[in-house]
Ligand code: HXC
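One chain comes next, on its own, written as structure tokens: the form predicted on its own.
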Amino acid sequence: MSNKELENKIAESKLGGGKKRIDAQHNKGKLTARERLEILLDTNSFEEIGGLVTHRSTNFGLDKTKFLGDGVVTGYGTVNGRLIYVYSQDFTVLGGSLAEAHAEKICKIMELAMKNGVPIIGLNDSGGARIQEGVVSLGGYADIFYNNTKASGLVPQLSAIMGPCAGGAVYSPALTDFILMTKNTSYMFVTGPNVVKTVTNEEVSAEELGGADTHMIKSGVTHFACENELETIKNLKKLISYIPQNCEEIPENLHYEFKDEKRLKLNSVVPKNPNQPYEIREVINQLSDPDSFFEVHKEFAENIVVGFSRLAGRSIGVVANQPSVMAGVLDVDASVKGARFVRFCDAFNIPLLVLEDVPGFLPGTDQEWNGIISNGAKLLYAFCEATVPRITVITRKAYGGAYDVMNSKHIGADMNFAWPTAEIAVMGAKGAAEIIFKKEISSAKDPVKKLKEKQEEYATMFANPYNAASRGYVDEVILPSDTREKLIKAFKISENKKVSPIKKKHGNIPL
């Protein structure tokens, strides 16, 4: 093949499915596979691998046209100077459908990423398995799933859903660390609306069944629901800035100029009324470097807040109860959300900050029947297993078993601070008084007055941080305004923390 013929071949592969199909893609508000890569990666940094690969099947008319690349663009490049392996499915070529050669290209990228300790970003836009190729398409998916699992905890894996992702295709993103979806143009489901209608007689649209808002708010499958593709790519780039290249590195510490680190606003953030809610994000933003908090799973299980932040330039993971939603109780969804985030941070050496204001686990038949016991245990297991630096600040309530679960000293937290407003007890003062002093209250001339008296007695004795501090369960009771300074120092002294793993194959997390 002459150089000219080779140049023509390469140019042809970069046209995807041709101008008409690209125009159709644009009319749907979607970028093409290559346009997405141009925006994601640094200018002129992309190096393509497998651009001349074509499909191998000749059945059902596939022998008549050969598309170079077989519906997926693969290669590597840099994001803000950091090496990234990437694949971008091309919906303009056979609907981005996955088959033997397509899958092999993706697996090759994943294997290179694992060998070189580099993150993987997948831009998903596919109609699913290529039915003309039969079982080899299914085998291709399984090969990808196997590589997803091997890469899990070794290198970060990020999935952006830019179009359809249905059937078996959904399980590769589900095995990765974070999923980002684009509103109105992307969807994920195991079975589509037509199958749902046939089997269950339920009428539902693709958007309602598996759109970005559905998976952000109801299922929790996606971690970010973005307004458009540009925002999706912007969030991909931001997300990668908080995490390291692989499990053996630590996140990059940004340069930080130390100033007055006191935050006086924190002294008044917790209301005097212990039953009055407040916004935990105000606390997070006061403790974090300016504009550095990047929330994950924002609209799912809103009674717990998780996300990445920076503290004096250091990347940290934040897990915080949210008093303004359901009083910050832990339920099934919040437990799973928190556990997943804790395990990711631990896998990639990102220290954890826990802000605790939790009145307990949510009671009720719905929670019990949906497994609050085993799901709550997931969060407990995740914290117990984590070996990264772990610091807890108790801002107000720390009641019952939830006190133990939220990174208490007893399960391996490195440093535990409490504000003077902290209440560390088995339960709230009112409930405790009703149990302990039941006979005394019921026999009193004025039961209401007696209950209030006994409630205050219990609160004075237990609803404070000083009993816990006297036993070493809390390292220091601090003024809220001093919290940022204390955290900066605590994370600094913990940065060389080493924990020797117990020799075993792996634990058995209550899944």
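Computed from a predicted model, the values in this text were never measured in an experiment. Don't overthink the numbering: it's just position in the shown sequence, from 1.
There is another form of this protein, the form predicted in complex with the named molecule, and it is not shown here; the text below is about that form.
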With the partner left out of view, is residue 130 within 4.5 angstroms of the named molecule in the predicted bound form by any non-hydrogen atom? yes
Heavy atom to heavy atom, is residue 148 within 4.5 Å of the named molecule in the predicted bound form? no
Give a yes or no for residue 307: in the predicted bound form, does one of its heavy atoms lie within 4.5 Å of a heavy atom belonging to the named molecule? no
Please tell me whether any heavy atom belonging to residue 169 falls inside 4.5 Å of a heavy atom of the named molecule, as the geometry stands in the predicted bound form. yes
Counting any non-hydrogen atom inside 4.5 Å, which residue from 362, 270, 138, 118 sits next to the named molecule in the predicted bound form? 138
Go through 87, 91, 300, 242 and name the one with a heavy atom inside 4.5 Å of the named molecule in the predicted bound form. 91
At 4.5 angstroms, heavy atoms only, are 294, 315 and 351 all close to the named molecule in the predicted bound form? no
Location of the named molecule contact in the predicted bound form, chosen stretch of 230 to 238, 122 to 130, 212 to 220, 364 to 372 [non-hydrogen atom, 4.5 Å]: 122 to 130
